[in-house]
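Below you'll find only one chain, the form predicted on its own, shown as structure tokens.
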Amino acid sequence: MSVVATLNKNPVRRNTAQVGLFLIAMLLVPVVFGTGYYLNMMIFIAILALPALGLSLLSGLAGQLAISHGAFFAIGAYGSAILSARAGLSPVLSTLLAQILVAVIAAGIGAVVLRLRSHYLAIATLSFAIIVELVIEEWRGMTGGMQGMLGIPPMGLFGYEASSDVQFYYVYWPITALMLLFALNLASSRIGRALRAIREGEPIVSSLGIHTAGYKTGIYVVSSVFAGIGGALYAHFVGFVTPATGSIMFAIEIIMVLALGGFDRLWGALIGVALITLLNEYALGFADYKKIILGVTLIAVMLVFPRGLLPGLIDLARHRRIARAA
């Protein structure tokens, strides 16, 4: 049996091989292309890929569209920032403890709002995101309010702290790769198959005796922790956080990422993050019109390619190739 056939038969090995090759390629980027300005952008891509992967698991795999990932990104960022800057804990420990907070909040919120479906779920999670943003702005004694928090220590352990973009790059991209591998293996597992079944027909799945509420709450918690980890990594990279860190606009950008890369494609989430990061970088001159541009683009993509721009273009090219062959 060939190596390719063996990998196709065992999705865990296939995913491990793919992510391993991807990580090797990413770790070679600074060696091949140097350590200039674009390395900083690549670090942001590694950070923002985490909430995008989390939302892809929730919306693409389980069919539950939520607009709360910006809020959990902010909770992860502020939680880790407060624990490290104010309580004096190490950034690694504060990051882990912040994810416990994210998981507890997500479990409580998910148990309530995931009873809703479609746009009702989106509205409910949007309301939660607005509440989180207001709490951050008003709890000035802890969060700094509109001024934000400064002096957040960089990621480090045992006295070692990352002090350059290269060091952050070699810490953050392995973390993102591990989270990507976890997401791919989850999607390939029995749990992933159950979540796809819930996406396609929840009433039918429930009639078979499967506890759909438990599956949906579980994937909501996992998805939110992805966003929380991204928020913590962001806080310890930039060294400060503000209410804009997890704003509604940020949540919309994550949805836009999936609209470009494909809602049900985990690898596509990485491509979407890279595209959005580049667009934001080269569209600074149109900052006043950013919301309008993103909104119109999102509507256009959803109308023409409901599954996302990248999958839609791939399907279109496949159909044209079949038509020519016929």
Partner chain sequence: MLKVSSLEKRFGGLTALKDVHFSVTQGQIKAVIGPNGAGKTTLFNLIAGTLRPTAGDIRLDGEAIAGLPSSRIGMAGIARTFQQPQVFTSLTILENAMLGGHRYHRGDFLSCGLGLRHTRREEEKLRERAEKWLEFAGIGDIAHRNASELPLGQQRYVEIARAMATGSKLILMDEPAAGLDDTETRELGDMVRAISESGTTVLLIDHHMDFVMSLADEVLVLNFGERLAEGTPHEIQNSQVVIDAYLGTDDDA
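Positions refer to the first chain, counted from 1. Please read all numbers here as calculations on a predicted model, not as lab measurements.
Although not depicted, the form predicted in complex with the partner chain is the subject of the following passage.
Three-residue candidate spot Val257, Arg265 and Ile299; no residue lies within 4.5 angstroms of the partner chain in the predicted bound form by any non-hydrogen atom. Among Pro174, Gly108, Gly151, Gly201, the residue placing a heavy atom within 4.5 Å of the partner chain in the predicted bound form is Gly201. Contact with the partner chain in the predicted bound form, judged by any heavy atom within 4.5 Å, is made by just one of Arg140, Arg115, His119, Arg193: Arg193.
Using a 4.5 Å cutoff between non-hydrogen atoms, Arg86 does not count as a contact of the partner chain in the predicted bound form. Looking at Phe128, you'd find every heavy atom of it more than 4.5 angstroms from the partner chain in the predicted bound form.
Although the partner is absent here, Phe240 lies well away from the partner chain in the predicted bound form, with no heavy atom inside 4.5 Å.
Contact annotation for Gln167: none of its heavy atoms lies within 4.5 Å of the partner chain in the predicted bound form.
Heavy atoms within 4.5 Å of the partner chain in the predicted bound form are found in one stretch of 99-107, 212-220, 78-86, 243-251, which is 212-220. Counting a residue when any of its non-hydrogen atoms is within 4.5 Å of the partner chain in the predicted bound form, the hits in 174-194 run Leu181, Phe182, Asn185, Leu186, Ser188, Ser189, Arg190, Ile191, Arg193, Ala194.
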